[in-house]
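Take a look at this single chain, the form predicted alone, given in structure tokens.
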């Protein structure tokens, strides 16, 4: 059951034909890292079954106030959620909400909610324009209930008009904006650039020099920054995992491409988080055709040094910009931290995140351990956990950082 964590939200689904679109809304919300609980009405389950809601949300669904009675499920779901989304909201559910009626699991849960509520209506346009419905909506807006849609378009009856459910992406964007306004460490109005993945330096058309970075930690940091209200640009450096919803995506494959991208972005960013693993060297010559082992082309490869992108940016005048570096070291303990402190001086970062990698640590879908240091080398916080949890920790420390 809900614990009151800031990522918990509730999606209520009523029995309109647009209920099938709510499946995509839940999927998109989950993709942003939110913990989504679904409360469908009995009629909603006639449109989309409980098994589907449980599969997309990862949680059991409660359809009767007597379900989970020992935990008072409707009270816990409503009172512990950070925000509540009704999608689609039929005229019937809107009427119940406006008049304080609580006769099923969804309506009792909504009345128990102490969090902001957003309503995404969907109904035939003649119902939407009915004076009783308009009056109910007016009353709800006066109580501070947020609305998204409906929009004009083709309806299930075959005609067109206002009453169509807003598109899932639009609903999710509006709901996330509502969530962003609630964050304790808000990054609203900030442009955050996150690099994630590992560079690949080509030898020939089929081979490259690379590293084990999948980009998972950087993707989670981009997701956390977006949920904190920032405009986020994620620089995809050969990502092996999907990018989160809502971010701007820019691609770079090599260290030189990454340098060019960041030089173009640097003037207009507020925070740069350099999680990407950048190759120190690249082949001096990139062959036009596949190098042949039989011709001894691979036994000796001349390398030239790549630019130190982070150090180069650290030397630029940056006023209030915050530069965050990462130090992935195989050394652990005090030695690893000393390496990190040396890197802070070399790169002139405001914050540096040190984590130990190698031998099943750091890279890939594993838990991580980080130590966050400030520009003086002092330890701000040290913690272990999932990459999603550590991303939230890193972003919260960045958001409250004072230069």
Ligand SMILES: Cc1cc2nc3c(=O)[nH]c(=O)nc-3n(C[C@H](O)[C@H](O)[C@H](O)COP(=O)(O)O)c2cc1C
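Numbering follows the first chain given and starts at 1. Only a predicted model underlies this, so the values are computations on that prediction, with no experimental measurement involved. Take the two forms, find the largest set of C-alpha atoms that superpose within 1.5 Å, and that set is the rigid core.
Beyond what is shown, the protein has a form predicted together with this ligand; the following relates to that form.
- Using a 4.5 Å cut-off to this ligand in the predicted complex, each of 41, 44 and 47 places a heavy atom inside that distance.
- At a distance threshold of 4.5 angstroms between non-hydrogen atoms, residue 90 is in contact with this ligand in the predicted complex.
- Shown alone here, residue 380 lies farther than 4.5 Å from this ligand in the predicted complex, counting heavy atoms only.
- Among residues of the shown chain, residue 127 is one whose heavy atoms approach this ligand to within 4.5 Å in the predicted complex.
- At a distance threshold of 4.5 angstroms between non-hydrogen atoms, residue 273 is out of contact with this ligand in the predicted complex.
- Only one of the listed residues (237, 85, 122, 234) places a non-hydrogen atom within 4.5 angstroms of this ligand in the predicted complex, and that residue is 122.
- Just one listed stretch, out of 319-327, 90-98, 191-199, 305-313, contacts this ligand in the predicted complex at the 4.5 Å heavy atom level, and that stretch is 90-98.
- Contact residues in stretch 248-282 (any heavy atom within 4.5 Å of this ligand, taken in the predicted complex) are absent; none meets the cut-off.
- Here residue 286 does not count as shifted, since its C-alpha moves by less than 2 Å between the shown form and the other one after the core is aligned.
- When two forms of a protein are overlaid on their rigid core, residues whose CA moves 2 Å or more are considered shifted, and residue 126 is one of them between the shown form and the other one.
- Once both forms are fitted on their rigid core, the CA atom of residue 21 lies 2 Å or more apart between the shown form and the other one.
- Look at residue 12 and residue 392: in the predicted complex their Cα atoms come 3 Å or more closer than in this form.
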